[in-house]
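Below you'll find only one chain, the form predicted alone, shown as C-alpha cells.
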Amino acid sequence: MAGNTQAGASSTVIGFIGTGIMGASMAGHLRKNGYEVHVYNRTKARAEGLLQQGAVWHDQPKDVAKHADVVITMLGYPSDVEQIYFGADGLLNNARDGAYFLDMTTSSPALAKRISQEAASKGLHALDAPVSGGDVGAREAKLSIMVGGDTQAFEAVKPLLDIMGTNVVHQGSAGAGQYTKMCNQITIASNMIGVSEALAYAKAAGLDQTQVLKSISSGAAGSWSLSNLAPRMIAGDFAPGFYVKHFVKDIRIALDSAAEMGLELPGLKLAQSLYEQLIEHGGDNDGTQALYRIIAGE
C-alpha cells in the first residue's frame, strides 16, 4: 500500500492535515521521499514551505480525504480531531475506498477507539499514532511513534512511519498508542519539574549551570529533557518545540483517563498546578521548558 520509497515517487497519495511546528517537518519528509502530498492547515501561511516543495493545497479537509490513500492528522486538541473526522464534511465521510487514517495528534484514547470503530464500519482503516520528540525530532525525522490499531493496518503504513521516526512501535489495539503517549507525558511532566529545580538549585549555589549539565546529563539523572531542554532553559530560550497549552491539554487527558481507571497520580497533579501557574503568567504559547520560569521565580 505505502509504495516503494527506495524507487522514488510512490503511487500512494498522502494527505496531511495540520502543518504546524511538527507537522510541516513530518509532511516535508514524506514529500522528499517522493510521495505526492496534499495538505490543509487552518492558516495557509504555515503550509507555504510545503507548497514550495510541490505539495498540493486544499481549502477544506474533506477535499484532502477525497484525493488521498493515506490521511495523516496532526492537530492541537481532541475537539479538533473530533470535528475534522466526523460529520457530513468529516474525513471519514469523504474518504476514498479502503483509505487509511493516521491520527498523530496527542488525543483521547476513547476518541481513538471511536474513530477506529467508525472507520471500520465504513471499510476504512484508522490508527492512533501519537509521537514524542518535539520539534527537533520532527525536523530530524527521529520521532518516537506509538501506534494503536489493527496489526495489518499498522504493517501497511509502517514504511511511512519509518520516514518520520526512528522508533516505531505497535502498542496494541485502538487507543493503545494514546495510552502509551500518556505514559510518555506523565514521565515528562515530573521530569521537567526535576530538571527545572536542579538548574534553579545550581544557580542559587553559585554554580555554572552549563558545567553542571556536563556532569549530570550522562549519569543516572540523564534524560531527554535534561539534554535537550535544560540548555534552552539556561539560555532563556522558551520558544516552543511543544506548546505549554498543548502539554496542559495532555496532562488533563492523562488525569481523566487515570481517574477512569481508579488511579491517583500525585506527581502529575503537581505538574498540572505548576503549568497552570505558567499559563496565568502568559506562558500559553511558550515551550514546555518555560516551567523553569516558575520554579526559578524568573
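Quick note: we count residues from 1 along the sequence shown, nothing fancier. Just so it is clear, the model here is predicted, and its values are computed rather than measured. Each form is matched to the other, and the largest set of C-alpha atoms that superpose within 1.5 Å is called the rigid core.
Another form exists, predicted in complex with another copy of the chain; not displayed. Remarks below refer to it.
Another copy of the chain is absent from this chain, but in the predicted bound form, do L51, G87 and V157 each have a non-hydrogen atom within 4.5 Å of it?
Not a single listed residue reaches another copy of the chain in the predicted bound form, so no.
Contact between S257 and another copy of the chain in the predicted bound form at 4.5 Å, heavy atoms?
Yes - in the predicted bound form, heavy atoms of S257 and another copy of the chain come within 4.5 Å of each other.
Considering only heavy atoms, tell me if G98 and another copy of the chain come within 4.5 Å of each other in the predicted bound form.
Answer no; every heavy atom of G98 is more than 4.5 Å from another copy of the chain in the predicted bound form.
Does the 4.5 Å heavy atom contact test between V195 and another copy of the chain in the predicted bound form come out positive?
Flag for V195 set to yes.
Is there a heavy atom of K122 no more than 4.5 Å from a heavy atom of another copy of the chain in the predicted bound form?
No.
Please name which of the stretches 68 to 76, 162 to 170, 87 to 95, 114 to 122 has residues with heavy atoms lying within 4.5 Å of another copy of the chain in the predicted bound form.
The contacting stretch here is 162 to 170.
Quick check on this chain: which one of V81, A153, A176, A138 has a heavy atom within 4.5 Å of another copy of the chain in the predicted bound form?
None of the others qualify; the residue that does is A176.
What are the residues of 170 to 201, in order along the chain, with a heavy atom within 4.5 Å of another copy of the chain in the predicted bound form?
Going through 170 to 201 in order - heavy atoms within 4.5 Å of another copy of the chain in the predicted bound form - the hits are H170, Q171, A176, Y179, T180, M182, C183, N184, I186, T187, I188, S190, N191, I193, G194, V195, E197, A198, A200, Y201.
Quick check: R232 between the shown form and the other one - does its CA shift reach 2 Å or more after fitting the rigid core?
Yes, its C-alpha moves 2 Å or more.
Kindly check if the Cα atom of V195 is displaced 2 angstroms or more between the shown form and the other one relative to the superposed rigid core.
Yes, its C-alpha moves 2 Å or more.
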